[in-house]
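The same protein chain appears twice below, in two forms, each given on its own as structure tokens and labelled structure 1 and structure 2.
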Structure 1
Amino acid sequence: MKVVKLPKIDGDPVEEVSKFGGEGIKKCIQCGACMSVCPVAMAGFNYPNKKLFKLIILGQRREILYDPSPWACVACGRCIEVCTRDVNPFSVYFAFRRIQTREFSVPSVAEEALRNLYETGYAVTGNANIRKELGLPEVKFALNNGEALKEIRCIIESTEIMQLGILPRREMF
């Protein structure tokens, strides 16, 4: 019989995931209901929800730290609906994303979205001329409103995000 030897456990990933919003993982019994409906699994990524949870439970944090699977989650919420143990698999999956951001395992699109949001208040922006052409009112975005943008930056600056080294600390206005 072949025995799989697992490498040494990295700290306590279950506690770590719990801290980032995935405390439900402690209830997971690996039934697989979440994976049976998950688009990430259907697309053939290596670690859809249940599989990722198993490695977290086994303490194999390093194995999955640089895996892109959690970033393919479309936030569809199917797994929350079908989970037999009310784990909220989606929240566990996202908690792991947050851990990955602390370890610089972030896809560039996610970095870009965060930077755009901090700079402009929006993840995507576009050109305003076409709006005029369509007869649409000027949008009262934060983008055109210094006070609002100041609020948005102040909110982000009050949180741990500023310690991740992705956003520059900047003087405000």
Structure 2
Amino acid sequence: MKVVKLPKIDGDPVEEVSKFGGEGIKKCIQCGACMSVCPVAMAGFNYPNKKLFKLIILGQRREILYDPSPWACVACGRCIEVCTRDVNPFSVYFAFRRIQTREFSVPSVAEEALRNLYETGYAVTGNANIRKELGLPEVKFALNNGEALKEIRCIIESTEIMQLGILPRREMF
């Protein structure tokens, strides 16, 4: 049997992902259990967990660096429940998000969710005009507490995500 070794173009992505909290990727055997329950796979994104992990393991970082799939993860934790190897696919996905963020590869949908979270306290706010056109009742958000929003902003402002320039710098409360 002949083994083909693909060149690792950008260093060792497995070590890079491990450094950002996804060290479980080293235990992945590509069984696909995680993918069978993953909403990212069901929604048809290009790189649900198993496929993303395979490219990371093969050292094909550039292939996936600009893909929005990791940002579609809703952190439901189903992958963790079915993984027999204790990979914690959720953590690998989030580690790769950190790498993408560091490389300024944040998809526009993630930018919008971050802006919404910073401005309102909710990542997804819906569209009040469309709801009204459809005759749906107005959604009242529970977060009308100024202290809670202030806390959310403080948490966001204490992270490196502020370096991306997506969010406005505000005076501290």
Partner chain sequence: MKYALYLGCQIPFLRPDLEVAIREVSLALGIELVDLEGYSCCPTWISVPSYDIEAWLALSARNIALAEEKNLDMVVGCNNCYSVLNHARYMLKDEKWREKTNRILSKVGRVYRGSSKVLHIIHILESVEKKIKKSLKYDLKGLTVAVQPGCHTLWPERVMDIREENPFYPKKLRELVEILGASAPHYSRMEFCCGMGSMKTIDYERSLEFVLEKLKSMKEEIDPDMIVTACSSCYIQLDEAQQKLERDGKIDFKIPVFYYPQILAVCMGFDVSKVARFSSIPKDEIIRRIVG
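Since the structure is predicted, the reported quantities are computational estimates derived from the model, not experimental observations. Sequence positions of structure 1, starting at 1, serve as the residue numbers. Each form is matched to the other, and the largest set of C-alpha atoms that superpose within 1.5 Å is called the rigid core.
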### Task
Decide which single structure shows the form predicted together with the partner chain, answering 1 or 2.
1
### Query
After a core superposition, would you say residue 46 shifts its C-alpha by at least 2 Å between structure 1 and structure 2?
no
### Rigid core fit then residue 131 CA moved by 2 Å or more between structure 1 and structure 2
yes
### Task
Taking the rigid core as the superposition reference, indicate whether the CA of residue 157 shifts 2 angstroms or more between structure 1 and structure 2.
yes
## Note on the structure
Aligning on the rigid core, one finds that residue 121 shifts at its CA between structure 1 and structure 2, in Å, by 8.3
